[in-house]
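Next up: just one chain, as structure tokens, the form predicted on its own.
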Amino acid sequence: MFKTGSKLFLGLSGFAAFNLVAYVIFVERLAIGGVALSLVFAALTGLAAIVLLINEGDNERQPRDAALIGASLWPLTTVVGIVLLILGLIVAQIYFILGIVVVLAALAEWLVQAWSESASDDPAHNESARQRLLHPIEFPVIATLGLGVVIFSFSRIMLAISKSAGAVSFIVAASLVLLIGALFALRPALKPALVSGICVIGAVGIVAGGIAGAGIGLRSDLAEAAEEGHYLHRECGVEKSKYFDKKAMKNLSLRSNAAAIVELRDGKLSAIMVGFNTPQQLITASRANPVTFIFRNFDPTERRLVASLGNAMAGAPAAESDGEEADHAGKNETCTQLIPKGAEQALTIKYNKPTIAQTEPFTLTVPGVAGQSIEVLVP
């Protein structure tokens, strides 16, 4: 019943199972070694089952014509996908997802190739059958992946060189594409090998430039911006910020569902709320839900609205602004950009703690305008 191949794989499966049990008991339950041994055991068990099912190539069956069976890289591709699956279980989820895609694609290609090789006794007909089935899927996928690689490589080039050089490079690349496309259109009788060679040289040049650009890294101004986080934090002082206040928004497209409209008029700060006929100096805001304040500046000087978020006594931060951390330069506050007279901006805050849990109140103020503030009460 059990021949040499069956005995070999069954023995290896048993040995892998013994090592897996010993590793889990004596070493560690969840680790790289445990995952690796589990996959080795599964692979050997599957091979043993396959060998038993095919009866180790019974000699009574007539062997297939070797000319109909071609070489295939799909088994190796499947192994690469399995390796990515293992890495995904240990390192990051993206590798696991990529491994699933590679394994499924390789198994599908492998299955169709095996089917096409047994379709007839004519190798040309078999290849044609495989192409009719897979080319409508393969060509769009390959074109999408190739275009993505070219776009990513070109972006690395543009981020590595200066702005002026980037503009020149973009113009030169677009001109070359236009000229080569016009050449192909005017000379349709060009040899396919020449056309393919030109396209391959261009693609390889862009990819090589992208690799070089990725190695060089971002140009100096972009590297400084990424390191300093110019656009990730807010500067809420009286002075105009070089980055945060650049091209400040002056109008709002949506004004619905605002908790209050805060106006600075004639040096006085007040809040207009639905249900109140007169301006208010106290605003009630809900807790653990986003609250939006609309700030309107009627002062001749550029002003900003600053929300003081208090200091939490214990636990989580008192509030969050637009999903970002609110503590900037040692102050628990957030703000709008500097806006000129007649402009307006919205400020969205989520208060995570009630007012009673704070050592300092929640307030809305305008830097440079003394003695004016609006208290925010969070029940």
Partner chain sequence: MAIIERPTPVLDIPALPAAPPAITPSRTFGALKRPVASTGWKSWLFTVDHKKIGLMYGATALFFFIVGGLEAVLIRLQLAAPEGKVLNADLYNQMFTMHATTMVFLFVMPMAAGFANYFIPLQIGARDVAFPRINAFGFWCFLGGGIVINLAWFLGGAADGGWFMYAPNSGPVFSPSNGIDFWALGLQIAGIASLTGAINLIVTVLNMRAPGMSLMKMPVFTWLVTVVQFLLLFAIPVITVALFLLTFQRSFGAQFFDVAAGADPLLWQHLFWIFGHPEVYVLILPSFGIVSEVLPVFSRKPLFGYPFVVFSGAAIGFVGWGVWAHHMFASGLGPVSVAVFSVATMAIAVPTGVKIINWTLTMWGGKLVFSTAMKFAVGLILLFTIGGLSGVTHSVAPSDTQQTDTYYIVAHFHYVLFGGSVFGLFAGFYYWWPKMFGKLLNERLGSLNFWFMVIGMNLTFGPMHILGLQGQPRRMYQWTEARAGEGFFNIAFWNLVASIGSLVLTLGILFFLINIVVTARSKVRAPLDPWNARSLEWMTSNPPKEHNFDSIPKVEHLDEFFHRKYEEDPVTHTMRGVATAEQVLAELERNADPHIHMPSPSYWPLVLAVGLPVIALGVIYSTMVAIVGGFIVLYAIYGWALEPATAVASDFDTPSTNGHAVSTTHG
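The structure presented is a predicted model; accordingly, all values stated were derived computationally and were not measured. Positions refer to the first chain, counted from 1.
FYI, the form predicted together with the partner chain isn't displayed, but the following is about it.
Student: Does Leu133 reach the partner chain in the model of the complex, with heavy atoms at most 4.5 Å apart?
Tutor: Although the partner chain is absent here, Leu133 would touch it in the model of the complex, with heavy atoms inside 4.5 Å.
Student: Does at least one non-hydrogen atom of Val102 fall within 4.5 angstroms of the partner chain in the model of the complex?
Tutor: Outside the cut-off, so no.
Student: Even though the partner isn't displayed, in the model of the complex is Ala119 close enough to the partner chain, meaning a heavy atom within 4.5 Å?
Tutor: Output for Ala119 is yes: heavy atoms within 4.5 Å of the partner chain.
Student: Taking 4.5 angstroms as the cut-off for heavy atoms, does Ile97 touch the partner chain in the model of the complex?
Tutor: So Ile97 does not count as contacting the partner chain.
Student: In the model of the complex, which of 203-211, 299-307, 122-130, 263-271 comes within 4.5 Å of the partner chain (heavy atoms)?
Tutor: Partner-contacting stretch among the options: 122-130.
Student: Counting any non-hydrogen atom inside 4.5 Å, which residue from Ile216, Ile137, Cys199, Leu145 sits next to the partner chain in the model of the complex?
Tutor: Filtering the options by heavy-atom distance leaves Ile137.
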